[in-house]
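A single chain comes next, written as structure tokens; it is the form predicted on its own.
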């Protein structure tokens, strides 16, 4: 039996997950999320780790492997670090074993990751950080419109005449939105237009890595944006060559932390078999 933790430090949120792995049996023991909001991510990683240990009623000495991902390589108590493409791919398989691609949409970028049935990364491609198809851009627009983040998805799905934002540059796209507001375009139609613009870029990412069929699991913070998910499904339905099924999961935001923990458990067991087991610092 192996106890492994995964800590995913993103641009906006720190995620942590704790697993017990025994053979083919995997039990998710606890989880935690903390928004960074100008706080020190390393300190938040410690807080999140303490929270998942407390929830699972375990001590630090009970954990065999602490795996980090994202920007977490500097976490002082980690055992090992995994690239985020690797962890999101494995996390997607955990959330839905039928997944053959992960579409990670975070605060600064979107990323399409092709995976096999084990979650091994085959290829990937990501958007430019300047692109207006990111969580940070959408958060800025919602703030300008006076809308809470948890309202974005439902409002977008109420749109009746969406106004498409065509600018790739986030600065120019925000200018487009300001102009829309001055023209009396409703918040619902603005948000749906943004979602459709983002969906167009994301579907092209999937196509560029050769994912034209099978299940695509959305991961990252925007996987829970029902408006974006709906827009992506709508956009792909228009592309005759794309036969993919887009799915999200209530725990999609944890995909990186899940994958880190499970790969950590796998690495621990391999090293144990060789008689060389590392411990967290």
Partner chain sequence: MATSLNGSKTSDIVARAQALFDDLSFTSARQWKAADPSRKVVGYLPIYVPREIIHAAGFLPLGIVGGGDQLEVIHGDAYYQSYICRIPRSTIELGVSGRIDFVDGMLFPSICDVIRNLSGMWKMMFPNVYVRYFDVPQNYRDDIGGSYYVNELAELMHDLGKLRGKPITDDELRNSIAIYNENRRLVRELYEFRAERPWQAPAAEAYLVLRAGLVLQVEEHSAMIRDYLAAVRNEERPRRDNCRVVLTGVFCEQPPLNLIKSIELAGCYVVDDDLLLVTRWLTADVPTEGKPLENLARTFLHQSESTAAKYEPDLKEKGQHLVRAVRRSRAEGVIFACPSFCDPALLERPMLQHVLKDAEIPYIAFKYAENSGQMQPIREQAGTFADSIKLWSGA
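Residue numbers count along the first chain shown, from 1. Note that the coordinates shown come from a computational prediction; the quantities given were computed from them, not determined experimentally.
Keep in mind that the form predicted together with its partner chain is missing from the display, and what follows is about it.
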property	result
4.5 angstroms heavy atom contact with its partner chain in the predicted complex for residue 85	yes
Partner contact for residue 274 in the predicted complex: its partner chain, 4.5 angstroms, heavy atom	yes
Partner contact for residue 100 in the predicted complex: its partner chain, 4.5 angstroms, heavy atom	no
In the predicted complex, residue 267 touching its partner chain (heavy atom, 4.5 Å)	yes
Residues within 4.5 Å of its partner chain in the predicted complex, restricted to 1-31 and counted by heavy atom	none
